[in-house]
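Below, in structure tokens: the form predicted on its own, a single chain.
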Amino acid sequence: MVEHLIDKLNKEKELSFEQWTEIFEKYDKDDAKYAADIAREISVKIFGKKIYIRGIVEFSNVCRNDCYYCGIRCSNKNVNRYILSPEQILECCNEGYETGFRTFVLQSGEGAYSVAKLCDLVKRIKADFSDCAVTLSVGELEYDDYAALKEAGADRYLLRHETADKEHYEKLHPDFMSFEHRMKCLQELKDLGYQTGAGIMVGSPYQTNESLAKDMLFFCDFKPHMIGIGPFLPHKDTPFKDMQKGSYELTLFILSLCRIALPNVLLPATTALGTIHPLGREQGVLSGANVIMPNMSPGQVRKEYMLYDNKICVDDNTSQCGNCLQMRLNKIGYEIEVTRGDYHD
């Protein structure tokens, strides 16, 4: 039982490395429920029973990186590569706007668009949808690139750090990828004034309780505006194809711990959580999450953006996703909030 440590976290908003490690070593289902109850109470107090939605446009599965866990890694020759045109992306945004989205998340593999082309795209979206936020999730760039995109109008940036444990990071990525550069990018994004998102895969290969403790210490120190957490799910065309899935229960527990530690953080119930369990996103909300990110990508490319196997919602259109989500949330007493859903202290 680690209720005493959950209470300490709730009161002081931080724990030591040893205490975080103890939480992950010793927690049980009663502790997880205890944390979820506290996290849900915090979330409802701050956000009400309102869920922010962000529409994701997966505009390209072209990627220059070769992360060992990812289905669109550059060495996977079984991927049908695609790049959406700016006009196709704008059409996705138009359909999403009509559905009720006021944040558009542009996500791709690294290097799919040049920075100049991305800047032009961001400017066009902001011109057409002035009341909407633009979030980018296009990986590691350099400071000047991030500055140019911010100047173009980008509001937020999602860059999962994957793990705050350097040794663990190096087991998930090839040698040409740098833990130090990933962390440097996150700091630069925050310094430039982006609402900045970090995150991890729960149960990724070689992850330890000590690794998770380092992640929680990082979250509490860095204080990202958004935290993306989902279970590790293997992909059949990667070196980790036979690795065990991450734990659904542990993912929910960590969501709750993040909400307790950082009460105002924007915390998604991820698609991966909905993939590992049919009610995963609903349970994520009931564990403290306040954001859901449905897919707005064109139907003809959704099945090509497979970071992991058996991803949900690849056959639905934007309107169907929105309607389905509203019905699911209503069943647990929540509703969609049609707003940008910005981070506030």
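Counting begins at 1, following the sequence as shown. What you are looking at is a predicted structure, and each value in this text was computed from that prediction instead of being measured.
Keep in mind that the form predicted together with a small molecule is not shown, yet the notes after this line are about it.
Of 184 to 192, 156 to 164, 92 to 100, 254 to 262, which is the one stretch near the small molecule in the model of the complex, taking non-hydrogen atoms within 4.5 angstroms as near?
That would be stretch 156 to 164.
Go through Met216, Ile227, Ala269, Leu233 and name the one with a heavy atom inside 4.5 Å of the small molecule in the model of the complex.
Selected residue: Leu233.
Counting non-hydrogen atoms within 4.5 angstroms of the small molecule in the model of the complex, say which of Tyr27, Phe47, Tyr34, Tyr69 makes the cut.
Here the answer is residue option Tyr69.
Looking at the partner-bound form in the model of the complex, is Met201 within 4.5 Å of the small molecule by any heavy atom?
Output for Met201 is yes: heavy atoms within 4.5 Å of the small molecule.
Going by a heavy atom distance of 4.5 Å, is Thr135 a contact of the small molecule in the model of the complex?
Result no; Thr135 lies far from the small molecule in the model of the complex.
Although the small molecule is absent from this view, report whether Tyr308 comes within 4.5 Å of it in the model of the complex, heavy atoms only.
Flag for Tyr308 set to yes.
Can you tell me whether Gln107 touches the small molecule? I mean in the model of the complex, with a 4.5 angstroms heavy atom cut-off.
Yes.
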